[in-house]
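Take a look at the structure tokens below, where one protein chain is shown in two forms, each on its own, as structure 1 and structure 2.
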Structure 1
């Protein structure tokens, strides 16, 4: 009985490595908060400033002149998102297939993977800053930045989907003596096309959101309009823009979900 009772007491022994790790993490959090000057006083002051800021945002400004600016910015953001998605998709499909190690030679696959990693290394905002410096302010910088982001996302998922597919269909097409392009079209694409359409739909939705973000650094679109409104302390128009961005993102989410269901 004594041995059984001892076994029951040791059924859940203390996990000392986990406890020590959590203690070290807690100590580091306190240390980092002090270094970064994160204090309760500053948090309370920030709440007061936020209340004054929100009070100046209501009611939103839907005047005719502001709606014209809003429409122009939204249409530019929509065009940036669509063009970036189209260009990114056109690059991503062959790049993703090239990165799949089950259908590409190792040197080509690793070179494609290296390029994909480079596209995924930096946030679209940083890439947008680089393109703004290279080509100047405007929609072109935003399109190029979101194209890079689209290539990094879609090509990676296409490569993974290709590596996960069944090789039986591919081998059957190869056995007929078909060319490499015929193998891709008849053996690979039917297996990955449904997921590929889903990737495109998701990336379009993501580009709709990011088009507002890149505009804050000069990439055009509604983000530029939002930045200008902040500079002019036109906070009621800021709220109008924010509401519009939320609405367009929700519509994009609905459309992307419909596209994914349509091609499943």
Structure 2
């Protein structure tokens, strides 16, 4: 009698692996918090600081001289983002095609892949530090750092998109005796162009976001303005800058969405 009841499966049996996993996760969280010296008292003290901090941030500072600084910084960030996208794209298209294993010979493909991984490894901020040392403070270091980041990102996507395309059209163009360039222009480009545009739109978007960043280490743009404001404890101006960064990023997202729709 009892065996029949035991044989009947429960609708929702207890999921032991999940429970043990959650327990391990909880233990890790406690352990890591202890290692990192994250304590409740520190958190409470911080909340107190936070109140003072927030009260100094409001209301945001919209005085005329500050707005001028904001405008100059934003324009420079915009220029950095645009130029980094232009250079990044110009390098990424050939590099991405070179890294696609279905159209370029293996040694070239592997060399290109290695280079792309190298570009992707370091955070734009670290690359910016190195370029600030190499070419000095200012917008150029920011442009170069974001160009490296763009190359790492777009070439990888371009390479993947090219590897996914249909080889039939490429072979058809090749069969007519077309040169390598003609194969690229007539066989490859029409298939991948729409996706490239999408990648470029996304890259412009992310460069705009990151251009607010490279300024922190001397790469120019709104990041420099933001960092200076922080160091001078102008927290109300900091809020103005942050609000305008969010606004610009949102506008950029809408624009890049529009651009994608235009070319799809």
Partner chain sequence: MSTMDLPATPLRRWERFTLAERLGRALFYLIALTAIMWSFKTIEIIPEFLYDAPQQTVDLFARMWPIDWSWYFPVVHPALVETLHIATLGTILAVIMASGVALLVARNITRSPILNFIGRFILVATRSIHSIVWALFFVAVFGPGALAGTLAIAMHSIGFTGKFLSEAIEDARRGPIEALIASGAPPLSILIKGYWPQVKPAFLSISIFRWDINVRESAVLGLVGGGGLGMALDTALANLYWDQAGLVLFVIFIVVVVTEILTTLVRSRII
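Rigid core: the largest C-alpha set superposing within 1.5 Å between the two forms. All of these numbers come straight from a predicted model, not from anything done at the bench. Positions refer to the first chain, counted from 1.
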Of structures 1 and 2, the form predicted in complex with its partner chain: 2
Displaced residue check between structure 1 and structure 2: residue 246, CA, 2 Å or over, core reference: no
